[in-house]
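To begin, one chain is listed below as structure tokens, in the form predicted on its own.
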Amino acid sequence: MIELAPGLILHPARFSRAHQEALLADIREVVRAAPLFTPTMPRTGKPFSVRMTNCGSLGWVSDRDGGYRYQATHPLTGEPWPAMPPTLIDAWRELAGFDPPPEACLVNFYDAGARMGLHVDADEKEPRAPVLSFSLGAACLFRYGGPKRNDPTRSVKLSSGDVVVIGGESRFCYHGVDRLYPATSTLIANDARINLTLRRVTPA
């Protein structure tokens, strides 16, 4: 366990290779039921560089007209999101320090050239609950700062199997993914990465 900042905790290699493979198989089942889609930015409609889907009772979506929000159904199929894999719920119980279970697991799929700009997870109504972030596949450069966009930032390399807990004083820190590192994992083809983000959305 490494404390990157107060409340921002890195658990290196939290999942073994076998556990990563099992979790990846679970996520592939999620994607079969809830296909990946490309969200767009509010107002501008500019597409994200990542594709995404969700599992759990709620899912995070974004589009030009509706903006950032959680909803109970897939934006393209209209179907409810599939159930969250038990492995993720178990990890929440062990690492989150917050009893009510997560309601949303955002699945971000990064192609080799994808990135995620600095942002803060602030659409949830339960600020006491942390956000848990799971890395699968290619390593990435994870950048994090403070509660203001222009606060100084630092970076750390995240590898497949790592888990980051974003909570406490860092619950609303700005963070993002600057780039992926090629040839750092054989878990997912074509130097791709999957990030799983667990969130409690409604008040406990």
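All residue numbers are counted from 1 along the displayed sequence. None of these values were measured; they are calculated from a predicted model.
Unshown form predicted together with a small molecule; subsequent notes refer to it.
Q: Going by heavy atom distances of 4.5 angstroms or less, which of 116, 104, 96, 88 would be at the interface with the small molecule in the model of the complex?
A: None of the other options qualify; the answer is 116.
Q: Using heavy atoms and a 4.5 Å cut-off, decide whether 36, 64 and 74 all contact the small molecule in the model of the complex.
A: No, none of the three is in contact.
Q: Could you tell me which stretch in 22-30, 166-174, 36-44, 147-155 has residues with non-hydrogen atoms within 4.5 Å of the small molecule in the model of the complex?
A: Answer to the contact question: 166-174.
Q: Would residue 92 count as touching the small molecule in the model of the complex under a 4.5 Å heavy atom rule?
A: Flag for residue 92 set to no.
Q: Taking any heavy atom pair closer than or equal to 4.5 Å as contact, tell me whether residue 84 reaches the small molecule in the model of the complex.
A: Looking in the model of the complex, residue contacts with the small molecule do not include residue 84, since no heavy atom lies within 4.5 Å.
Q: At the 4.5 Å heavy atom threshold, is residue 200 in contact with the small molecule in the model of the complex?
A: Flag for residue 200 set to no.
Q: Does residue 195 reach the small molecule in the model of the complex if we count a contact as any heavy atom within 4.5 Å?
A: Residue 195: contacts the small molecule in the model of the complex.
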